[in-house]
Structures are given as C-alpha cells and as structure tokens.
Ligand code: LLP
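The chain below stands alone, shown as structure tokens; this is the form predicted alone.
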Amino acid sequence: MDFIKHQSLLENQSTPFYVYDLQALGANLNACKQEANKYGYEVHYALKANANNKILSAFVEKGFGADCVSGGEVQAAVQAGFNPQKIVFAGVGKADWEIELGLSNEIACFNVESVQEIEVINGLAQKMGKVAPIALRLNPNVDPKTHSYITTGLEENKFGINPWEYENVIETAKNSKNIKIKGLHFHIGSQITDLGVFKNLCSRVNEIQNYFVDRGFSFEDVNLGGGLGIDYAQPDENPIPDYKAFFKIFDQFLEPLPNQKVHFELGRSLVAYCGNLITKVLYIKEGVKTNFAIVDAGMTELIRPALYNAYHKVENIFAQTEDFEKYDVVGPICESSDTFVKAIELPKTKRGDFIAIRCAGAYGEVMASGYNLRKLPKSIFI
C-alpha cells in the first residue's frame, strides 16, 4: 500500500483504525480464481479471516463460495449475497439452532466432525422434513509445520474424525435416513508456507478416500480446506501468494474420483495483505536496552502477536529522517503481552507519528475485543 499517496486521508482519521486497499484485494482474488479455474477447482472464502461487509461483497462479486464456522457467519454469508449452494458450514461444536439455520437456508454442505454430530443433524433434519447434505471431516494426521495453536490435522487436535472411528461412522451413516453424504473434508492448519505439506496431504487423502470407496462409498466432493500462508516479512515484495504452485500440487498429486468436484477453503491468503492497522504514537519511553514506542492500538485491535507470538511488519509510515533507533512497539493494554514487535529499527520516532502494522487484513478486525472497555476499531477503504 502506498501510504504517502493517501497521507492526508489517513492523517485525518481517528486512530486506531483499519485501512483496506480494495484494489489490492481485487488483484489477489483475480489471481486465485485464475489459477483455480485452470483445474475446475471451487474456492470458498473462510469468513473467519475477515467478515467486514465490504470485504464480503468483493468475494460475492467474484463468485467465490463461503466457508463458515458459526451460525453468525452463515447468516452473514447469506445476507452478503453468497449463493447458499456455495456455502459450507464447518465447526467442531455446532449448536442446534446453527444447524437449523443451515438447513433452513439450504446450504451446500455441513462438514461434520463426529458420529454424534451426524446423529444430531439427522434428527433435526427429520423434524424439519429435510435431507441434510454432509461431508465427513476426517483427521489425516498430517503435520502442517505451523504454530501449534493453528494446527488442526493431528490426532491430538480436537478437530475431525479419527481413523479408529471410521467403521462407526460408516454404520451411523447407513442408518441415517435424513442425511446425504456428499463428500470428504480435510483441513490441517493455517499459515502453511512449506508447500510440501500439501503433497503429504494429497497422499493421505488418496489413501483415505480409497478406504471408503472399497467399502461401497462414492463422493461427489472432496474438500482440502485451506491453510496457505503469506509472506508477513516482505509484504510489498510478495503481495500475492503463489497460487500457481499451490493448486498445481493438488493437480499433480491428488487422485480425485471420476467427476468429483475439488474444493478449497482459503482465508488468510486472500485478505491478509489488503488490510493494515494504523495507529499513532502516544509516548516514547526510554528503556534499558531499547526504547518503547507506546501506541494507541493494542491487543484489543490486533491480538495475533500476543496470542501466537505472530510477526507483523511494523513501519513508521510518514517519518522524514535518516536516523534510526531500536524500539519495542507496544500498546496501552494492561498486559505485558500487549507488544507488537520488539527491538525493531525504525526512523527516530516521536509522539504523534503514524505507525502501520502490516498484513492485518486476516484475523485482525474480526478478532477485536472490548477488553479494558475499549471501543472497537473502525475501518476505511481506499
């Protein structure tokens, strides 16, 4: 994002706030669609990454599907204009009202995560006189080589159906008259930058699908989830992830059944780059080894660094000096974990300077909280 070009607009806003570059978003979505379309792949946008209405409208305009993990997200997707037949609903703990909401809107699929969930959906669908389309979310036990908090495909994780449950799943499915098994679903984690992990996923999916086929099942869909990471360190050099390499791996190593539709659920890779958190320096405080640049945004506006020790590039965007000093850029929240970055070299920084926390379009605004009774950040679009 060219901050200097929009300096007057940004300086006239009350900080902290999110700014979204809609042109950058559009370029990213076009790049993803172009590569996915080469293979006839269907991409669903993961609303959990960012559910801002204008962001959702961009996805609707481009013809993406929606990946939802709550009733609130299903409702937001429907209201934004996503085709219900392109809405999939995942989540390890769907409440009855959320399932009923999905059934009422005739969404494309419920990604189910346990035998008991199959039984509950079947019962609710029977009461409503409907047949619920489901996909079995299976745990492939593939290490995504990412942060433990965003790893979802190992046996110790709470997500998915494990191999020792397969026989029980098959028996339950055969006895459930108000469900239709449409496919298999997998999701192993987030912010995956080693693309070799997806090759491993393909191998496991092929094995697992063959297991079910040998027992008389055939699936319309196979859903590989998401997880493609971005370059947080050099966002301007790599604003668009390597969708070409990503989708090519699945074309090379996945063995779909004849006429089977292949689905993906991408979130971070699509929206992270287009969003930045803008904050203002309140105070400069001298420390022992480094100075503290205390800004007016905190973990309430962007919790990722405090929660995952996640890295975001931090810039003093309008500084006009060639003198650099080291700073810990920290927020005002009463927690020592309220730190964005430590010992970073910035142009000599002073009270009133504007700081940009880059690539905050994913899991930023959507995770904001009112802790310390702080106001939620606003968002602007350029």
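For every residue, the number given is its place in the sequence shown, counted from 1. A quick note: this is a predicted structure, and the numbers were derived from the prediction, not measured.
We do not show the form predicted together with this ligand, though everything after this point is about it.
Partner-facing stretch of 221 to 229, 288 to 296, 206 to 214, 162 to 170, counted where any non-hydrogen atom is within 4.5 angstroms of this ligand in the predicted bound form: Result of the contact check: 221 to 229.
Site test, 185, 191 and 267 vs this ligand in the predicted bound form, non-hydrogen atom cutoff 4.5 Å: Yes, all three are in contact.
Check each of 263, 86, 304, 94 and return the one that places a heavy atom within 4.5 angstroms of this ligand in the predicted bound form. Of the listed residues, the single hit is 304.
Could you check which residue among 135, 90, 118, 103 gets a heavy atom within 4.5 Å of this ligand in the predicted bound form? In short, 90.
Contact with this ligand in the predicted bound form for residue 253, defined as at least one heavy atom pair within 4.5 Å: yes or no? Taking the distances in the predicted bound form, the answer for residue 253 is no, it never comes within 4.5 Å of this ligand.
Looking at the partner-bound form in the predicted bound form, is residue 20 within 4.5 Å of this ligand by any heavy atom? The answer is no: residue 20 has no heavy atom within 4.5 Å of this ligand.
Any non-hydrogen atom of residue 24 within 4.5 angstroms of this ligand in the predicted bound form: The answer is no: residue 24 has no heavy atom within 4.5 Å of this ligand.
Heavy atom to heavy atom, is residue 368 within 4.5 Å of this ligand in the predicted bound form? Result no; residue 368 lies far from this ligand in the predicted bound form.
Stretch 38 to 65: residues contacting this ligand in the predicted bound form, 4.5 Å heavy atom cut-off: Read in sequence order, the residues that approach this ligand (within 4.5 Å, in the predicted bound form) are 46, 48.
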